[in-house]
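Starting off, we have a lone chain in the form predicted alone, written out as structure tokens.
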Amino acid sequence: MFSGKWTRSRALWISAITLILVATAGLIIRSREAAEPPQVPFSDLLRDLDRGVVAGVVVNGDTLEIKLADGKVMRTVAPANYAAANSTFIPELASKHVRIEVRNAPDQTPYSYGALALGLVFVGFLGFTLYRVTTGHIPALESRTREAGPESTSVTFADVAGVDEAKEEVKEIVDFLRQPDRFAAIGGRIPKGVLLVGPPGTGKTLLARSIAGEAKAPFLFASGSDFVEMYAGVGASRIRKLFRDARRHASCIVFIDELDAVGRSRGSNSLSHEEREQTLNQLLVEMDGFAPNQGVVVIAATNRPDILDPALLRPGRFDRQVTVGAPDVKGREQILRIHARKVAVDPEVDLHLIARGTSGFSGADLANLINEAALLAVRAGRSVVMASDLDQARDKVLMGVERRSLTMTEHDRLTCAYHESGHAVVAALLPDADPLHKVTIIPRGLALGVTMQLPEGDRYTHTREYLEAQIAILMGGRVAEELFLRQMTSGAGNDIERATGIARRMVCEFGMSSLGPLAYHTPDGPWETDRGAGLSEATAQRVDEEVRELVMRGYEAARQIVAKHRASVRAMAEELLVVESLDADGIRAIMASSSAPAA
């Protein structure tokens, strides 16, 4: 707060001084112009001499300043060497009792001294500004590195959950910062740099803060974008200052978040920026150059390790890469318990059940889930978070916010009900599909209805049967529209796109087709992003045929299931038109009551 006020006050002072200097210069120029006598033709001087009204003449080179008897002052310019060529001019002035004064140099008036002083002030101000720009002392160019002392880094390993392997990897750094003599006794050295790699929200920054909290060491942190500026040399200057500040401590941690902003591979494309490359070069030198860095541990985080410069990743700079991935079910439960300590949660809430139903959630997602549940509880007037609040918050995060204000016609509601019922019945009857969690025709996000499945556990690989079941489930909505409403709508557009994407990956990446275990892609990316590159026309045609066959096979499987269980689809659609949402128990009840297949 103080810094912001001081900056604004300084800007106001600079603006005021600049206005005063400009106003003063304008007044000096105007007053000087007003003080200078008017210039008249030389013939007027000769005429006034004949009339005898000239009292004095000041000769300054070819310029003559004329003072008349009535006190008026004028100025004229004589022809070149007029006085020397016309020998009678000076005697004529003397004979008429005209006072003659000769000046060899221009007089220095107070206005001249003022202009000189103003010029010196301007040149000094310009030089001072250039000095501050080149040294990075202008507030907009100053280093943005922040430092947190040992007493302010209160986060420890106890506050980090779900990344047990990553914590084990970085515990050596804590041991070194606490007891460096143990490593020095056997000749070992601590890694100079640790690169934390993982998707967004998995806790990379939190893990770095916990290292500083456990080691009780100073913690200097900056973002990769802080070193990227339009002014040449500013980024490299900030890197030098960062490590210069770090070396002042016996041991400390330097954390650079979003390293890919400054560490992008050099010369990889035509858009390479010279200033960014200079900054990267300075970072490489500081991490492993001639300057000693004992006791300085550099930790960086990125979710794009594939675009980093290879010189950054070599041993001696970032010696160790630690993967911080999405937590498994055990890790999610631990993260939920940590965040649940900050809010009032009903003791009857089963956090293990919530963790099982949040597959793929990152630590940030789980923190947001707890916060959303707390907001829902407050909105409902409760003082504790119930299991229903957590379920509702999870649905909100997974499926989007309910849009009950969206007005749908009865025909749209009927179409949506049969569409979602087709998805649900196919998903309920396929043995390789994930269990159903909820079916709703309440618009959520961009969708008019949602059929949600929750896996029983974390999936790290997918079988061919599972992927084919996913295609059939996606086709179930379109099949239900055709069989019950005799129509096709654009509501199945996203389902068709997703089904085609799954089929194409099965053919081009997973080798799950008659084309065999071959990967059809280009060095620059997946095959579908650059059609035909590296493929013959015959192979590209076969790929299209295999993709179509997989999708149509799923479509036919969905058609057979929906046609065989028409009663279940109709009963579920009618129930959805009444209650709008069905949970897993409601879905099972409808399937059980209408289990007799259609004739």
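Each form is matched to the other, and the largest set of C-alpha atoms that superpose within 1.5 Å is called the rigid core. Since we're looking at a predicted model, the values are computed, not measured. All residue numbers are counted from 1 along the displayed sequence.
There is another form of this protein, the form predicted together with a small molecule, and it is not shown here; the text below is about that form.
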query	finding
Listed range touching the small molecule, judged in the predicted bound form by heavy atoms within 4.5 Å, from 361-369, 405-413, 71-79, 453-461	361-369
In the predicted bound form, Gly201 touching the small molecule (heavy atom, 4.5 Å)	yes
Any non-hydrogen atom of Ile496 within 4.5 angstroms of the small molecule in the predicted bound form	no
In the predicted bound form, His437 touching the small molecule (heavy atom, 4.5 Å)	no
Distance check, Thr205 to the small molecule in the predicted bound form, heavy atom within 4.5 Å	yes
Sole residue of Arg276, Arg320, Arg504, His339 within 4.5 Å of the small molecule in the predicted bound form, by heavy atom	His339
Of Ala424, Leu474, Val163, Val479, the one that lies within 4.5 Å of the small molecule in the predicted bound form (heavy atoms)	Val163
Rigid core superposition, Gln392 Cα moves 2 angstroms or more between this form and the one not shown	no
Yes/no, Ala301 Cα shift of 2 Å or more between this form and the one not shown with rigid core fixed	yes
Residue shift check between this form and the one not shown, rigid core fit, Glu509 Cα at least 2 Å	no
